[in-house]
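The chain below stands alone, shown as structure tokens; this is the form predicted on its own.
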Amino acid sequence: MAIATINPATGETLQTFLPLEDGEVAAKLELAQRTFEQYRQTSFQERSQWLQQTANILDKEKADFAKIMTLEMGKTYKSAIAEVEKCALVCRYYAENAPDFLADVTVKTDASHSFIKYQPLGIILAVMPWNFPFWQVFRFAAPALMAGNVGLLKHASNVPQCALAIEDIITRAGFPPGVFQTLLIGGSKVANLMADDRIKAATLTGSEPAGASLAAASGQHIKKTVLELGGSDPFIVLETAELELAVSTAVTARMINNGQSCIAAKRFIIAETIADKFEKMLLAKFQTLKVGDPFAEDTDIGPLATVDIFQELDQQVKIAVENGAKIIIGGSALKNQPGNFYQPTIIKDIPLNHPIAKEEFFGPVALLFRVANIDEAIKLANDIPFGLGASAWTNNEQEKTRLIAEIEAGAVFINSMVKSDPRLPFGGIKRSGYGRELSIQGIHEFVNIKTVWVS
């Protein structure tokens, strides 16, 4: 697979990169292992200083890093700035909290002294996606490096400049050479990497097939993995919801990152009594959205990241229509314009018995469903293979309790949109993956949780 920067707003190839040869990959692995043996002995204070400096570089040069993201995958420049700022936030969070998260924990037993000790594993392979090309990497790197591990990054092949920039940032921040390295390689090389004894674990954010492939390779060699895969998150609006706020948030939740987010709201499940009003209000807001140049300040939605993603989304919309669904707005590419631009789209009357109703639409397409009551809402929300996040809107306390208890997802947000926060664990269930990132749970994923008993 080509490793290149292709501007999704124009289709222009800006820069190409030669994949690493096997010998070059081997040299990076050897450096990572040598570095780990020394790096694991560094203090939390040293690692914290380096990670704080990483955050400082991100803040100081955020305009440059945002430009790279927008050029490589098409997110709006203003959202790219926000992404860099969030990366600095997660670095500072772990720089400040990791020593407490990884401190020895005394447990009273009949031993003279018994406690839990957290120790690094070694080289962790990170297979990361293009949609949040900085955030996805730093939410892995910050806890992994603070724990004393070293990282190898196999980034998506359409964001090579982001991948190289991240390695450079971490090196310039003062981390020893070899603590974090980028591998410009194709996906076919991942299985061989997992067979190498020096790689102790892996994390992947991406598609179901990619996650299944990594899990299979890791399982063959008995290695730990954390997977964050797809989602088709429900956005439930019940009768007592504050409708104006719910609709405004629905637009933001669906269109975040040009609609290309695993935790974007995708299926809008609306109580029948308010469905007409919700639909009318949602349509009005969709009509005001501006699609275009991602560098323009007033642009709401930029291009989809690749031609393949664009074509897959368009095909899904066509299949839905062929099977009886109705398009309220959009439903096709932006006319007379180069690039991977797709119109903001609302689809309703999707047949529930067709597989398309349970698929993830990775772009600016909202699926509308109507339900008679909370029972139907919860049933429909759970009737998918995914379980990443869910947003639900109601001011009824009994309904809130039921939604929190009964929705099958890694996160439930009541009267708010789903988002990631360094202070809270992030991850899914079912085919959305397993394991957690962020918070104390995230840093504990890639450590040896060692029991110590002293008599």
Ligand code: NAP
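From a predicted model like this one, the values you see are computed outputs, not experimental measurements. For every residue, the number given is its place in the sequence shown, counted from 1.
The same protein has a further form, the form predicted in complex with the ligand, not shown here; the description that follows concerns it.
- Note on the interface: of 161-169, 182-190, 365-373, 330-338, the segment with non-hydrogen atoms within 4.5 angstroms of the ligand in the model of the complex is 182-190.
- Of the residues Phe65, Phe36, Phe426, Trp50, just one reaches the ligand in the model of the complex with a heavy atom at 4.5 Å or closer; this is Phe426.
- When you look in the model of the complex, the only residue of Val127, Ala377, Ala142, Ile124 with a non-hydrogen atom within 4.5 Å of the ligand is Val127.
- For a residue to qualify, one of its non-hydrogen atoms must sit within 4.5 Å of the ligand in the model of the complex; none of Glu72, Asn258 and Asp293 qualifies.
- Interface membership of Glu83, defined by any non-hydrogen atom within 4.5 Å of the ligand in the model of the complex, is ruled out.
- Although the partner is absent here, Gly148 sits far enough away that none of its heavy atoms falls within 4.5 Å of the ligand in the model of the complex.
- When contacts are judged by a 4.5 Å heavy atom cut-off, Asn323 does not count as touching the ligand in the model of the complex.
- Proximity of Arg267 to the ligand in the model of the complex falls outside the 4.5 Å heavy atom cutoff.
- Within 4.5 angstroms of the ligand in the model of the complex, the stretch 128-167 places a non-hydrogen atom from each of Met128, Pro129, Trp130, Asn131, Gln136, Arg139, Lys154, His155, Ala156, Ser157, taken in sequence order.
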